Ligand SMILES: Cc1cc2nc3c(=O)[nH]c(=O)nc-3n(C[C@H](O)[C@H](O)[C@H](O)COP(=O)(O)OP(=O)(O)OC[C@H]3O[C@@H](n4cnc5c(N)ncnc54)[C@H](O)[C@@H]3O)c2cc1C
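Take a look at this single chain, the form predicted on its own, given in structure tokens.
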Amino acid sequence: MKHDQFLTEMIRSELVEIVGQQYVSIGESDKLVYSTDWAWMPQMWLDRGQRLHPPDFIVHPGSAEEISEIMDIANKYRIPVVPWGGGSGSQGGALPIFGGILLDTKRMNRIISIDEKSMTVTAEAGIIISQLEWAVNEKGLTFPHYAASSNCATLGGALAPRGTGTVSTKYGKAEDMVLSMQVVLPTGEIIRTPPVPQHAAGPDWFRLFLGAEGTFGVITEATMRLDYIPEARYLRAILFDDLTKALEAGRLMMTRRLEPFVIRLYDHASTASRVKKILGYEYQGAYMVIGFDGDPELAALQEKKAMQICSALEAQDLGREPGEKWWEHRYDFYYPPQNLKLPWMYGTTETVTTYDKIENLYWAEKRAVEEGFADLGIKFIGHFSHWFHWGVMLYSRFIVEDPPEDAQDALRLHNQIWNTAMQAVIANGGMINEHHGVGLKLSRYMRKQYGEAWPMMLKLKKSLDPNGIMNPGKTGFGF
């Protein structure tokens, strides 16, 4: 939002009254830092020397009560409010594209309680996930949301886009682990959801805030489910010559309730490129890592049953060493120097669907992208990494090693590739996203994804946020 100097100072003074001088910034260097998250679009824009859209004010609140007062100011002046956790999102979900107030929640990082009997932890939403994990580890417990971003992402940042961690196949996504939340609504009310999510006292309305990415309010506190640190963890790698057989092996492990904590299946292209580069294995085929944990005898039996399934589907057992090496280096795929980065153009067009549709969806998206942009030498790779009883998530990616230098041309091409990929996903029964969030990048697809249900979503937004101040431009909602 554009303000003259007088009005800017008036708003800044009001914010200072709430949180203190040291927790409000309008400095140009701070604005630049908060103008980009980890999405390719703003990273490229910055790299090409283009001006980003900065926030007008960066505010570091210390409590839900302070956020409530900030909402009062935002509504009074009709200025946007954008919640910010660790800034690790990859879809532009935290970009302050309309300026306004950027709420960095990391001051709100207290662990309020650890309940060892009910196996829960209650913490403020600004705590870094790894710090939460280290605290509960001291009591022999684990918060099993092992996302690649755990060293920088916050608890609220895991809940807002319905995030997923490496071991979600057994332990669930962040949305499966949350029992209750405190939320500041766009109009300033501080509410608490029911103390447990599974009950029959009316509809499960608290899930409105999961996946809303800050457009329905600010998550300020959450009570999360914990598990015991497993006594044993068994990993091994398997190689399939056929993707169909590999997908069937994963499906059978899940539908027969063998409870693997991980099934990571790389397509042929990923096996030949990413697995080779990062793990050093030169395999041809579909490379799969499976893992079982918990009680040693039970985990060993589950692994034995899983290997019988794989053997019946003509898989090659590669042994424990390649599986354990993958576990030790599982985050190397996403961090320098091995991660995808500029000057390459790339995007993670991940999706999820049921078992009966997943393979057709994979091939349809792959053909659409590779054939539609063959002149660019585009690469399409994918792995299947978060499995459910009913289906599986496809973590698909496109890579262009020599994109246009001009920023406008590059952004247009990036959008064209995404358009092609998402049209193929929706046409083949997939969702536009499984865990990275909708953000800015996929906002335009929400109407098409939800169809006749979209007007209901708009009514919910208008009811909760009558002035449209909360994270405008994201998850399909305008300003």
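For every residue, the number given is its place in the sequence shown, counted from 1. None of these values were measured; they are calculated from a predicted model.
Not on display, but discussed next: the form predicted together with this ligand.
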Candidate stretches 86-94, 254-262, 187-195, 132-140 - the one whose heavy atoms come within 4.5 Å of this ligand in the model of the complex: 86-94
Interface residue in the model of the complex among 45, 38, 445, 418, criterion: non-hydrogen atom within 4.5 angstroms of this ligand: 38
Answer option from 318, 407, 111, 148, heavy atom within 4.5 Å of this ligand in the model of the complex: 148
156, 219 and 471 all contacting this ligand in the model of the complex, non-hydrogen atom within 4.5 Å: yes
In the model of the complex, residue 125 touching this ligand (heavy atom, 4.5 Å): yes
Partner contact for residue 436 in the model of the complex: this ligand, 4.5 angstroms, heavy atom: yes
Partner proximity in the model of the complex: residue 105 to this ligand, non-hydrogen atom cutoff 4.5 Å: yes
Contact flag, residue 164 vs this ligand in the model of the complex, heavy atom cut 4.5 Å: yes
